[in-house]
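Take a look at this one chain, the form predicted on its own, written out in structure tokens.
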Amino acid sequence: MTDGLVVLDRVSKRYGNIQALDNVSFSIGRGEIFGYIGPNGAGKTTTIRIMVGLLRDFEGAVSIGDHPIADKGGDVQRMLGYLPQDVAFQEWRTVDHALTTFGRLNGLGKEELALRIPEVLALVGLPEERHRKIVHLSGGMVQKLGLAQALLHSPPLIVLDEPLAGLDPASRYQVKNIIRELSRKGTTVFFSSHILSDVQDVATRIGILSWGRLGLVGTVEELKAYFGIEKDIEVFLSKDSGRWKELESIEGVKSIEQTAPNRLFVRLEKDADMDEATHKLIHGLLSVGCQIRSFYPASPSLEQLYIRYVGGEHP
């Protein structure tokens, strides 16, 4: 595994008798948005702490931009911006004071900071808060300030641990747009989140971690193909006779479930002929007195795929 801005090669980490990470390997290309998901305790935060250099006692190898994370120099640290899950600032500081301190720690000079601080505050939606004390900011504002400090020195890699936690819907929408724009400009983004719909919205590739092992890596479409569920169908009825259960005997139909009033979810067998099964299903619904409003292949969400995987469902 040599390609990519970020490379993890057979990374393992133990805490006493607990195997937090078990032989985890993946790479992330430049400009990619890599979503990292898994149950609580799966090892997501441990992975992140290794990537940003906070944990050095581990097996395997990690490199960022061809620099091993174990290097003692500051090259790796200057290449990444990090937003921890529990972002914290000294509340007596002003926003400007806090960002100035972080900027100097990352090697920015006075003139650079004078330009960069207003830029990142405008980017995260806090341009009017520059001279306010942090103690007077809301929790969502503090989260956005954490993102601002991660972006301040324009690193090629941004590592975000639950960046959307505590944000209202408008702020989540804004931060997702920021992540997309960073990617378009060539910045690599690695982020974990338990809000799977947000991961699906922005991630170009997704890794699913379970019990310290990275089981699946791919796009949402690749994960769908892995489970072989591209043949699911959703049917919306304008009239429901209640007799649709009789149609489970149709060749190629595995099951029919009512997921909401006048809404059916039809799962086909993996080897079913989609066109033939669909034709028979439409005629069958009409023959039992149902009327169809719409009928189309279902697109499972990342949450549905995730639940299937962590629940032990594998092809």
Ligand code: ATP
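In case it trips you up, residue 1 is the first one in the sequence shown, and so on. These numbers were taken from a predicted model, which means no experiment stands behind them.
Not pictured, yet referred to below: the form predicted together with the ligand.
J.: At 4.5 Å between heavy atoms, is G41 in contact with the ligand in the predicted bound form?
T.: G41 belongs to the contact set for the ligand.
J.: Using heavy atoms and a 4.5 Å limit, would one call T94 a contact residue for the ligand in the predicted bound form?
T.: Close contact is absent here: in the predicted bound form, T94 is far from the ligand, nothing within 4.5 Å, heavy atoms only.
J.: Does T278 make contact with the ligand in the predicted bound form, using a 4.5 Å heavy atom cut-off?
T.: No, T278 sits far enough from the ligand in the predicted bound form that none of its heavy atoms falls within 4.5 Å.
J.: Looking at the partner-bound form in the predicted bound form, is Y15 within 4.5 Å of the ligand by any heavy atom?
T.: Heavy-atom contact with the ligand at 4.5 Å: present for Y15.
J.: Based on heavy atom distances of 4.5 Å or less, which listed stretch (45-53, 280-288, 267-275, 247-255) is in contact with the ligand in the predicted bound form?
T.: Stretch with heavy atoms near the partner: 45-53.
J.: Which residue, S197, Q85, Q174, S241, is the contact with the ligand in the predicted bound form, using a 4.5 Å heavy atom cutoff?
T.: Answer to the contact question: Q85.
J.: E162, D232, E129, D201: which sits within 4.5 Å of the ligand in the predicted bound form by any heavy atom?
T.: The residue from E162, D232, E129, D201 that makes the contact is E162.
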